[in-house]
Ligand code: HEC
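As a starting point, one isolated chain is supplied in structure tokens, in the form predicted on its own.
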């Protein structure tokens, strides 16, 4: 969760906002989330659709408790931490997580380029044991799927784990594991792994870039 500049996706590919949890959390709160967590703006956070409810709940709690969102060097997380003031109760937090988990993963424009073969090898040795051979995640060890997340966001988070901008709180055990798993890898390695995930593991087909020929 965070904000960076990414390609704008045509509005017709966005899924409906309808959800049985909408009444529980309030349309105004959902709309406030969608300011950043939709494909409407160039400057935005990640699309959350299709991430598991347990993971979204955990991350929202991390922001609410201050385990995330208190590092001023990570501006996008600081914005998310401030936004959590709109979520006042555990019931609202749970309803938000359920709302986004019930939505289908969205296709996106692939923007990260890298060496797929090198990325596959690094993923097998550094990532698969926690995130699954197909990027499906392992809830039993609180490891989220990486096959439903946009490539720009995955790359951004790998960089932030490595440089200490994400999961600096000692209570964030998962973040500490991530930082250790990335030790010794280069920025180029991060690109290669992300490009591999985007091409071979992501569950949604890529969106065609504007002006590119159909294949």
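As the structure is a prediction and not an experimental result, all values here were calculated from the model. Residue numbers count along the first chain shown, from 1.
The next section is about a form of this same protein that is not shown, the form predicted together with this ligand.
Contact annotation: residue 94 falls outside 4.5 Å of this ligand in the predicted bound form, judged by heavy atom distances. Contact check for residue 131: a non-hydrogen atom falls within 4.5 Å of this ligand in the predicted bound form. Looking at residue 79, you'd find a heavy atom of it within 4.5 angstroms of this ligand in the predicted bound form. In the predicted bound form, this ligand sits within 4.5 Å of a heavy atom of residue 142.
No member of the trio 112, 164 and 207 reaches this ligand in the predicted bound form with any non-hydrogen atom inside 4.5 Å. Among 66, 188, 26, 174, the residue placing a heavy atom within 4.5 Å of this ligand in the predicted bound form is 174. Residues 51, 55, 56, 59, 60, 62, 63, 68, 74, 76, 77, 79, 80, 83 are the ones in 50-85 with at least one heavy atom within 4.5 Å of this ligand in the predicted bound form, listed in sequence order.
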